[in-house]
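Before any questions on how it binds or moves, here is one chain, the form predicted on its own, in structure tokens.
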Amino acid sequence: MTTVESPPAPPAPPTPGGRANPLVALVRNSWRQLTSMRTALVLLFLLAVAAVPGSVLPQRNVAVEKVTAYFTAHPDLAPVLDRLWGFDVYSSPWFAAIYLLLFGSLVGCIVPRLRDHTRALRARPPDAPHRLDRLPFSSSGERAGAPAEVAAALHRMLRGRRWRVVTRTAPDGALTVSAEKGYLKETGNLIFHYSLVVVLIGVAVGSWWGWHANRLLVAGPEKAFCNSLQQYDEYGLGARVSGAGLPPFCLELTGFEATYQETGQPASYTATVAVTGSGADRSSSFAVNHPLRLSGANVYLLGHGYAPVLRYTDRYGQSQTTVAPFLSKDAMMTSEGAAAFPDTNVDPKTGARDPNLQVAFEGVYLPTVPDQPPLTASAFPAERSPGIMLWAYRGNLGLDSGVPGSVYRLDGRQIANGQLKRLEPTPHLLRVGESWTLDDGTTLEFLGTRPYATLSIRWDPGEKIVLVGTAALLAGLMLSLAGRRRRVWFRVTTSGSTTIVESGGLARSDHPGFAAEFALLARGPE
């Protein structure tokens, strides 16, 4: 980023006593320091340094579960970082302060530059110096024709090459031709910096009026969800957004298609959803990098997985079915998860439930079970030979303790204190349609799987502003790099019957090709 110090402010008017107002002087000096190049560079460096914790530490608006895991792994350090906004870096007061100061410094720099550039564009090229031979590039020679004809030919030549040209008559009767070129460099600089302001405004608009949320959506009508905060796994709202202001719509995952190469690398993911309440009920398909566009929200497909369907029949013959999403842990979709049945083994005569007879299963789902052991990882991500390896647990699941836990794994504290016991030392492999009879005569059946999709629902009203600002920023950068500011002068005089033309050139910026360009201009029109 190129930043030029703003011109010095005019002196403050003196007070009636003859001394400058100290408050006005303080404001003037503070503004002068804020809009200086040194301050802008320092603020830009501080902004880069302030963004480092956001890259190193997990952020709540991106992965709240990772923040929770960080608190578990670092119980002493995490609260200190939390008080310093370490897990909400980009919404912290100190990050906003640096951001706003940089914004003010940038505006204070470019507004005077625009005024000066507009004035320079309207100004005429300056008259030729008295001694052209003292310029970095100069030459002199005789030309055929009258001075007025030679000057007019030089004028036409320069205009034809898109130079700004002015012809003047000097007091001694000599004709001078002044030309300049390269204002697009400063124009590009200003477009670049104003576009940067537009990008910052777009980011601020998105931060204030945008929102985002994540949801793991399993296929099936009973797993559909509506756009409310209670339905999301995690969410983040802008400063000017409330939960009541979210657009009304509901989504049901009706299908998911994944294709893979023979190496197991994914080729395509396509999700099909039924949309209701968004103005018109419809069925829509979307894929990675091709989001579903709704009124006031965009739905992005992040990933997918499998949710085994398990049916447990307790000792009283009562059956319960659960659809438990298993989270993938490798590229072959080897997935881990848990299925809990807390309301089993309820005596139908008395309605009494023994909390120590709750049942749960934890294990690994393999979309393609290997032909040879060990059966610890899937051989392919698609369901070519599905199977699930499960451990059975019985006891108190700890769901009534009030302590929040993960739905994807059992409570390790209950297992450690012996209230939840593993029934067998080795896991049991179930294929689709197979059942497993436990030691008390109860059974577990593996009915199959349902696909699930990991969705990110987002709305950023500032993204179009950022897009326009970024496009203009790149255009301004190209103009700035291509533009070269330079000036040339010609003085046409007579010596007897001979017309003499003196020429001089000055490159206002680094321009290695100006020597060749000046030599071509100095030769004059062909």
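Throughout, we count residues from 1 along the sequence that is shown. In this text, all values refer to a predicted model and were calculated from it rather than measured experimentally. Superpose the two forms; the largest set of C-alphas matching within 1.5 Å is the rigid core.
Missing here is the form predicted together with protoporphyrin IX containing FE; even so, the following discussion is about that form.
- Residues L102, L106 and L196 are all found to lie within 4.5 Å of protoporphyrin IX containing FE in the predicted bound form, as judged by heavy atom distances.
- Contact annotation: of the candidates M37, I500, A69, A471, the single residue with a non-hydrogen atom within 4.5 angstroms of protoporphyrin IX containing FE in the predicted bound form is M37.
- For the options A51, L57, L44, L467, the one in contact with protoporphyrin IX containing FE in the predicted bound form, meaning a heavy atom within 4.5 Å, is L44.
- Contact between L477 and protoporphyrin IX containing FE in the predicted bound form is found at the 4.5 Å heavy atom cutoff.
- Not displayed here, protoporphyrin IX containing FE is approached by N189 to within 4.5 Å at the level of heavy atoms in the predicted bound form.
- Proximity of L26 to protoporphyrin IX containing FE in the predicted bound form falls outside the 4.5 Å heavy atom cutoff.
- In the predicted bound form, protoporphyrin IX containing FE sits beyond 4.5 Å of every heavy atom of R394.
- Stretch-level contact analysis of 353-361, 201-209, 109-117, 147-155 against protoporphyrin IX containing FE in the predicted bound form, using heavy atoms and a 4.5 Å limit, identifies 109-117.
- After superposition on the rigid core, the Cα atom of A472 is displaced by less than 2 Å between this form and the one not shown.
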